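Just the one chain here, laid out as structure tokens, in the form predicted alone.
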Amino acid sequence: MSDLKGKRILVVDDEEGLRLLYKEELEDDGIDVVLASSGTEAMEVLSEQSAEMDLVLLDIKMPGMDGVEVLRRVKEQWKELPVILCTAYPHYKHEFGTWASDAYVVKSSDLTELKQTIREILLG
């Protein structure tokens, strides 16, 4: 996936192990990864670096500001910034608040679907 070199993704997840796994796997594909452990931290990063981000990978179920709220705020402030919701809970896909996302991926230890979705969004 070296054609993704230079792309920058914000990974937002409250589980440190998953954040680090995504970072390692995506950086192996040449993607620059920025991490946030909460919705609040994600909004802080985006307020400073939104112009440099190509995509947001966002967990839904997080303490404090959840992913649906982050998604709403991102789409209000940065309409063109793609957001992939990545959650362990497939039922959220049918909730109205998640429909604004550009894609929805159910978490798995196999990152094939996630990487393919990122590729499709970033490269068209």
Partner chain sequence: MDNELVRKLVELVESGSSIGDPTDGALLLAHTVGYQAVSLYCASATTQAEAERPGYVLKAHALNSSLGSSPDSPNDSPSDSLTPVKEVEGCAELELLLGERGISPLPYSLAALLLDGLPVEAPKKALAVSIRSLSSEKGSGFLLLWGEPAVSALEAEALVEVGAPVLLAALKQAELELRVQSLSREVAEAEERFKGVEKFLYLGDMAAMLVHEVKNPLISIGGFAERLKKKIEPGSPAFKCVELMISEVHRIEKITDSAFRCMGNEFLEHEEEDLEEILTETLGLFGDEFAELGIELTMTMESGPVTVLADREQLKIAFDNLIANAIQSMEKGGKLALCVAKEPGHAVVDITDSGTGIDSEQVDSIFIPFFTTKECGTGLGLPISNSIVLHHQGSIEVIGSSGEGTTFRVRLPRVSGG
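This one's a predicted model, so the numbers in the text were calculated from it and none came from an experiment. Numbering follows the first chain given and starts at 1.
Same protein, other form: the form predicted together with the partner chain, not shown, and the subject of what follows.
Open item on the list: So the partner chain isn't shown here. In the model of the complex, which residue out of E52, E76, E44, D28 has a non-hydrogen atom within 4.5 Å of it?
Closed with: That would be D28.
Task: Touches the partner chain in the model of the complex: D102 (any heavy atom, 4.5 Å) - done: Because no heavy atom of D102 falls inside 4.5 Å of the partner chain in the model of the complex, the answer is no.
Open item on the list: Although the partner isn't part of this model, could you tell me whether S108 comes within 4.5 Å of the partner chain in the model of the complex, counting any heavy atom of the residue?
Closed with: S108: yes, in contact with the partner chain in the model of the complex.
TODO: Please check if G64 has a heavy atom lying within 4.5 Å of any heavy atom of the partner chain in the model of the complex.
DONE: It does not: once the partner chain is placed as it appears in the model of the complex, G64 has no heavy atom within 4.5 Å of it.
- [ ] Decide whether E113 counts as a contact residue for the partner chain in the model of the complex under a heavy atom distance cut-off of 4.5 Å.
- [x] Taking the distances in the model of the complex, the answer for E113 is no, it never comes within 4.5 Å of the partner chain.
TODO: Within 4.5 Å of the partner chain in the model of the complex, which residues of 11 to 38 have a heavy atom? Give them in sequence order, or say none.
DONE: Going through 11 to 38 in order - heavy atoms within 4.5 Å of the partner chain in the model of the complex - the hits are D14, E15, G17, L18, L20, L21, E24, E25, D28.
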